[in-house]
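In structure tokens, one chain follows: the form predicted on its own.
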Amino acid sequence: MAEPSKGLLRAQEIYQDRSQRALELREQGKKIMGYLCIYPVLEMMTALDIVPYRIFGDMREPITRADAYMPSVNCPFLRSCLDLGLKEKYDFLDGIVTSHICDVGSSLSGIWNYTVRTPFSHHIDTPHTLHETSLKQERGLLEDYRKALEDFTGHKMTTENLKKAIRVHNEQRALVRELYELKKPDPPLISGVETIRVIKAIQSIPVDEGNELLRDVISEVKERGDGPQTKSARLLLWGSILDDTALPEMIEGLDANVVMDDTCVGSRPYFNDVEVTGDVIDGLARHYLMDIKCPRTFRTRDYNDVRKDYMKDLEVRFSYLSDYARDWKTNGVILESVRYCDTHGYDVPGLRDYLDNLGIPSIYLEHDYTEGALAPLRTRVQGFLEIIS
């Protein structure tokens, strides 16, 4: 009998066939919970022995059924998710948890319940601001979420089990950060393409299995001698959902390495730990509302102050990106967004002004979440690389 795959090969296998492990676990009696975006609190699923399984679209699969329920001028990624649900590609899920990621994402919850009808569903109306009242609201929402999961499983979510779940998820966050440390050398020890495969893989399997996979990948990457080569450009990739390797494959097929990212299938969910507080729900509420840096959340320390100073406002919102650029020694930024993603699109002008002020060149790429849409972008990326090299 052949040895099971490990490391990068195992990550690639999961990336290519995400549902296989979920189907195996379901046959063993495990509950599989789909979740959309990075705001549903995974620790609360894990505490009740539910396997979190992130819902993605498929940019290689034409949308043929979702247009009957969502206008074509809506986010193509969310339409693709619904399309796969309507085609029964997610019929192995025992439930789905959504959150208020954006107005379209929020409406998808009701449309999914009406059309796909996954047995269990719960929506977390995550606030979009960081005021103390928002934190109080988020805490109340998580209490409702807790009760819904307890009713679904028939088990109580104990404080001890929740603390254990936080520890194992924090371990995963630390391992992802360790993986990203391997992208700091020149050349990086792991490519942007490989990174997406690994992150998508760990978002498709139980957290403890994901941690084992990460340890295998980190060990392999440190020891191999055939990793990425030195190239002229070291790029930071920022933007909306990027759940397919097509775009980084195109970029890294040119004279560039993607050494850092700020996307939700990348560093964004993993660069801050959940603090284990006396009241565990408080720590979870603070993390998911305040620590995750996504354009869907409006953040400012003092609105009355920053509205008078445009650059100070940008510093409050984007200063972490300057840290990424410095620590990973990037010499250019690619801003990407799927078409009709207003959440990210509205941040692009301010972010470009911020990067210009730092002297960091950038380019903005918009695509319609299809493989064919990426081909015309290759010439633009190539021209950008010639300018910054």
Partner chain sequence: MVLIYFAGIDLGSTMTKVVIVDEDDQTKASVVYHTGAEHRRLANRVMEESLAKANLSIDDISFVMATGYGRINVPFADRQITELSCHARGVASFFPHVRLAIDIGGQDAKGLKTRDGKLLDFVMSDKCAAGTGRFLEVISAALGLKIEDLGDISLRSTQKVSVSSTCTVFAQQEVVNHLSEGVPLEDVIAGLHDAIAGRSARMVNRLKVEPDVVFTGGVAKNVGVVKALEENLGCPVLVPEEPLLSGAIGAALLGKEHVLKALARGETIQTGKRRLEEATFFK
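Positions refer to the first chain, counted from 1. Since we're looking at a predicted model, the values are computed, not measured.
One more form of this protein should be noted, the form predicted together with the partner chain, which is absent from this view; the next part is about it.
Trainee: Even though the partner chain is not shown here, does residue 379 get within 4.5 Å of it in the model of the complex, heavy atoms only?
Mentor: So residue 379 counts as contacting the partner chain.
Trainee: Just to confirm, residue 366 within 4.5 Å of the partner chain in the model of the complex by heavy atoms?
Mentor: Residue 366: yes, in contact with the partner chain in the model of the complex.
Trainee: Closest heavy atom of residue 352 to the partner chain in the model of the complex, within 4.5 Å or not?
Mentor: Yes, residue 352 sits close enough to the partner chain in the model of the complex that at least one of its heavy atoms falls within 4.5 Å.
Trainee: Is there a heavy atom of residue 31 no more than 4.5 Å from a heavy atom of the partner chain in the model of the complex?
Mentor: No, residue 31 is distant from the partner.
Trainee: Would you check whether the partner chain, in the model of the complex, lies within 4.5 angstroms of a non-hydrogen atom from each of 189, 215 and 246?
Mentor: Verified in the model of the complex; spot residues all out of contact, no.
Trainee: Pick out the residues of 368 to 389 whose heavy atoms come within 4.5 Å of the partner chain in the model of the complex.
Mentor: Heavy-atom contacts to the partner chain in the model of the complex: 371, 375, 376, 378, 379, 380, 382, 383, 384, 386, 387.
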